[in-house]
Every structure is written in structure tokens, then in C-alpha cells.
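In C-alpha cells, one chain follows: the form predicted on its own.
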């Protein structure tokens, strides 16, 4: 069967499955829409959380960043994994026991303040919209390639699909849809990795193949990759940039990802769906198991894909050899060029594709013709995982399976984010702040309407994202780290933080972090409006925008404690409520909604 129709068959089949589940699990009440009726089994919730967590950034973009940035990109793995452990141990059980439907509801009730609830809604919407831009970027990449349409058209199609099943099913429908999406994405990620590991090293386990012998050279795979990159003038794959500022930025970036993860509202609300407090811990453990399957495979996928690309362009090695003739390039080059995400240019007119680092020092023996600069002028890292089966010349059904997995990853997280946004607006803004007497059905309409608006905004911004999918997502983590995480931690573990301190802290963290990001990424991400380059050398404080969130969090904590210390003490009944939340038994009833 033609590859295009095979893609349509497998991707279309997966979409029909998601939509059927959404119809079967259609939410009929606000409790089902916001928290799936609090009846989800811990294993089911763990699987759904894993799908919610492993977004387009994880599935599509992370391995691409590792492939082209090497050791430096391991910060994504360390930060995201560490942050999830932080969330599971530090916050999830306590927030479940509190019994809220949403994160702003917890903040509003804990800090006995309507202003705190509204500020939390603002922070949640900004962080979630930034996050969902990254997901829509991934959706556009996946749809454009496998449906053979432009990137923009692919984004519009993806937005329509996610809008349909997220609006229809709410949290209940999204939960069961995410279980199906997890199954699809984990097969899609690991099956091609196993094939490629067998091809290159003979080892079927990718994580072990990464440290095995590369069969073509008889040398360790990573040593072969490092030598190839050195010959072409690129940085070593496994070496760390030891410059003090580079090390500092990597540390701060990892820290920002960790605390940002623990403050992500769309992940936190998943723990509100289980029946008991102990189930929140259990589901967190199961989610870690399911996430580990993919995260332990990602470094191997990145390294092996990079080596395959190098071998494709330099089929006889880099010493005294010539690059591949452009007419002999594999079909995947042409396929991805049509999406606008890959580009080549024969600068010296020799009919071959030279790929090396023109800013580095390629080997003197490189090639036999005059070099005029790198001729692989565009390779968007977001395409790497999706293109990986084609690069390794795997069967057509594997290519289609990866396409379905990439779309499942992007759609599952986008749906979770849209639900977090709509819940905050309909429940915390409309129901709890503007019109407390609103009926359940009217509240559901508000939820679905706000979700529709969020889809439109995310689609528009997804057409001009401020970076690759994983980089855009990293900005969202910074905003969550600077605003929501400190408020949650102080809300659970400090009786002294009062309403004024919490609001002051969140606003300080939000303004500082967002302004710093806009100064480096452009105001509202509009190209050309940035004031500083987003590089270590050119940035305002020598800190890149993706790593600034931890400073925003620090400011949040400091301002909250200082202001609380100079204003009225927390009421006794609120202190008693905090003490009760910390007792790890029983689940408090849901607060009014």
C-alpha cells in the first residue's frame, strides 16, 4: 500500500478511536467535566497522566534537541523527571485531600482571597497558553508531513480535532482518550527505536544499544558519533560546555524545569480525579513507570538518529570521502522539504550535499571539492523523531505508527491544557467570582466556550511560535515555576503566608518572568521586538530566558514572606484547615462549586 494511504489508515483509525471514546465518556455534569467524577482508578490515572505529561515536546522535540545539542539537552530529561518526583512527593496528595476541582480554587480558598484566585487564574492562563503553543507547533509539524499539506494547514486540522473531543468529553472523556493515546505513543516511540538499535548495534534494547558497539565501525557507538562530529567541526556529542556561565545556565534551566513541572496546572488536576488521597500517590508512581519507558529511550533515539543522518550524507565516512550526490538523496529529504522544515542549497554547485559546521574547524581532509559553507541550511529538530523511521529505512507501517504516536502526544497534552484553561475561567472566574448562582448547564457552556477561544488563540500563536516545540514549552515551565509552584508550596507548608503575601508574591514572580522572556523573545512573541539576544553572552543578566523561572520563583517566595510578615496574621480557622490537609488520611469533601 502507498505510504500516504497507509498513514491515512492508521492515523484516521486512531482519531476514530479517540472520538468514539469521547462520545462514550461524554461529560454530563460539572463534576465529570472538571474531575471525571473522582472515580478514576490509580493505574488508569497513571497512564492518562503519562500521556498528559509526555507532550509534543517530549515525543517530537526532545530527542531532536538531544540529537543536535548532545549533553546540554539532557537538562530536559533531568528537569522534567525530577520535577515529576517533586510533584508526586511534595504536592499531589495534599492537593487531592484539599478536595478542590482546580488549582486557582485551592489558592483562592487557602489564601481566603478572591484576588488570589483571580491572580492564580491569570497565571494559569498565561502559562497554559504558552505551553499549548508548543503543542500546536508539534501538531502542525506532524500533520504537515504525513498528510502532505503545509505546516499552517496541518496546524488548522490538528486544532479542529483536539477541539472536538476535548470540548465534548471534558476531563472524563479526556482521561480515557489519553489512556488510548498513551498506548499508541509508547508503541510508536519504542518500536522504531528497537528496530534502529538492532540495525546499528545488534542490541534490541535502545538504552543499552546507546553504549554498545557500532557494527559498521567496530567502535563504541558514542565514540564513533563523537569522532564523526569532530571531523565535521561540530561540538562533541557527549562533552559539556565547561564555561562557568554555561554550567550555571544549565543548572538554572534544570531547576526551572523541575519546579515548573511541579506547578503545571494540567498535570496537577489529574490528581483530583482519583477517589482517595492514597490513590493520588499510587497514580503518581504508576505515571513515573509509564513515563520512564519513553524517557529512558529518548537519549538513544537522539544519538542514533544523528549518526544515521551523518552516515546518510557522508556514506563513506568523513576522511578522504565525498558527500552524497543531491540526486541520490533518500526520499525523506524531498518529503520533508515540502513541509518547509528542511532545506538544502548547493552553494558550490558540485551537485553534492556538504554538511559541516562552517563556524567550526572541519578536518582538512574533508571532501575533495572546494567547500562554500554548510549546505544543509535548515533541519528543524522537531522533525527528527517523525523522520527517524524514514532515515533508518524502516517498513511503511512503522512510519505510519510514529505519525499516529506524534499526533497522540501533541493532542493529549493540548486537550489537558485546554481543560485546565477552561476550568479556571468557567469555574474560578465565572462561577466563584462573577456569578455564583450560575446553573450547572450554563457553567458547562462557559467551560466549552472558553476552551474554543483558547484553541483559536493557541492556533494563531502556533503559526509563529517563539522557538522549537520543546523550547516554547520550556518558557511555560518558567512561568509556572515563578507563579503557581511557590503559591502551592507555601499554601501547604506555611501557616504564616497570608492572602496579601500570596498575591504580592505571585504578581512579582509573574511580572518579572514574563517581562524577562519578552525582552529576549519579543513582546508577545512578535519577531523583531526583542531587546536582547537569547544567548548566554547577549542576555540581560547572562541568564537565558528559559532558565529565568527559578529566579522568578525565588522573588515570589521572598516577597510573599516579607509582605506576610508585615501584614495581619493568617486566621485561626485557615491554620486549622492547613493542619488538617497535612494529615495523610482520608479525602476531604469537594469544596462548593
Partner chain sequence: MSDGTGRRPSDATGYWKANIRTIVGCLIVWALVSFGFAILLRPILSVIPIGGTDLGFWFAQQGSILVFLVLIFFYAWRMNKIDREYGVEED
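Positions refer to the first chain, counted from 1. Source: prediction; values computed, not measured.
This protein has a second form, the form predicted in complex with the partner chain, left out of what is shown; the following refers to that one.
> Classify residue 552 as contacting or not contacting the partner chain in the predicted bound form by the rule of any non-hydrogen atom within 4.5 angstroms, answering yes or no.
No.
> Heavy atom to heavy atom, is residue 114 within 4.5 Å of the partner chain in the predicted bound form?
Contact check for residue 114: no, nothing within 4.5 Å of the partner chain in the predicted bound form.
> Please check if residue 338 has a heavy atom lying within 4.5 Å of any heavy atom of the partner chain in the predicted bound form.
No.
> Even though the partner isn't displayed, in the predicted bound form is residue 161 close enough to the partner chain, meaning a heavy atom within 4.5 Å?
Residue 161: no, not in contact with the partner chain in the predicted bound form.
> Decide yes or no: are 71, 276 and 284 jointly within 4.5 Å of the partner chain in the predicted bound form, with each residue judged by its heavy atoms?
Every residue of the candidate spot has a heavy atom within 4.5 Å of the partner chain in the predicted bound form.
> Consider the chain as shown here, without its partner, and state which of 237, 214, 314, 333 has a heavy atom within 4.5 Å of the partner chain in the predicted bound form.
Partner contact (heavy atom, 4.5 Å) among the options: 237.
> Within 4.5 Å, heavy atoms only, which of 122, 247, 511, 442 is in contact with the partner chain in the predicted bound form?
For this set of options, the contacting one is 247.
> Taking the partner as it appears in the predicted bound form, which of 78-86, 147-155, 391-399, 126-134 has residues with heavy atoms within 4.5 Å of the partner chain?
Checking each option against the 4.5 Å cut-off leaves 78-86.
> Determine the residues of 198-222 with a heavy atom within 4.5 Å of the partner chain in the predicted bound form and present them in sequence order; the list may be empty.
Result: 207, 210, 211, 220, 222.
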